[in-house]
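The chain below stands alone and is given in structure tokens; this is the form predicted on its own.
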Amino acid sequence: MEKTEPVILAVAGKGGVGKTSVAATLVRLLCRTHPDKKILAIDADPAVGLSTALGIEVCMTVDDIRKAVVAQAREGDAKAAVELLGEARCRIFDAVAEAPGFAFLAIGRPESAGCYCKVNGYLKEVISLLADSFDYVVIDGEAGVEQINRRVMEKVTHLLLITDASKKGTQVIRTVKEVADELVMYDQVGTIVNRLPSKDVIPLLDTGDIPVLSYIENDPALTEFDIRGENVFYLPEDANIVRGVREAVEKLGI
């Protein structure tokens, strides 16, 4: 049977709006609703916050592999560098952490300046090959979509933009969509309004032409989990963020 293309959900938004918690909850829901599918969580944020939210210990990142290749090139050992590139796919598979129901990969720090475009481009291709081995891929990106396009993959199926109730938050997701319309191929886009102080402010929000998938009010349960550093798999089913992300996933038809 011919394998279908993976469903790739990229989560983006300005800092501090809870996009990592949303991405982690997405992984949780996919594990629960699709236990027979292969799920990959990619942390494209240098802070590697997704690992904490999912209860994963990161031992190696893609950037660790990239730096090893660059170090070989700087030392002038071209042969070793080429061999290292050839082994990149295996090394990236080594960087994948396995957890019950899903796999995890951290990108690591941003690319440093320098003439190593071939190395960086090759690793992006390898990550895309890795993603093709899964049915669902959830990417927790930095603020903005350019980084996802440049460093992870050029096509996603679903672009999920996260904002809070602030004007700055809604302005950022509208800007991100404008950038994505030019740089990223995607099939569906939507926003989750997170950390809503109350539903009374909903009429004041302006998300432009981005459809709102769900409104999530401030979640005391999630705040307590964040303080304790516990992962989202232990959140109660009636937690605001779980209910809100479930509503968004259902609207996307995933």
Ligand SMILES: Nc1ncnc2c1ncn2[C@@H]1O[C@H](COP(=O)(O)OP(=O)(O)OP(=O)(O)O)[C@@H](O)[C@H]1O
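This structure is a prediction, so every number in the text was calculated from the model and none was measured. All residue numbers refer to positions in the sequence shown, first residue = 1.
Keep in mind the form predicted together with the named molecule is missing from the figure; the text below concerns it.
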item	value
In the predicted complex, segment of 216-224, 56-64, 31-39, 181-189 with a heavy atom within 4.5 Å of the named molecule	216-224
Exercise: residue 18 in contact with the named molecule in the predicted complex, heavy atom 4.5 Å	yes
In the predicted complex: members of 181-211 within 4.5 Å of the named molecule, any heavy atom	194, 195
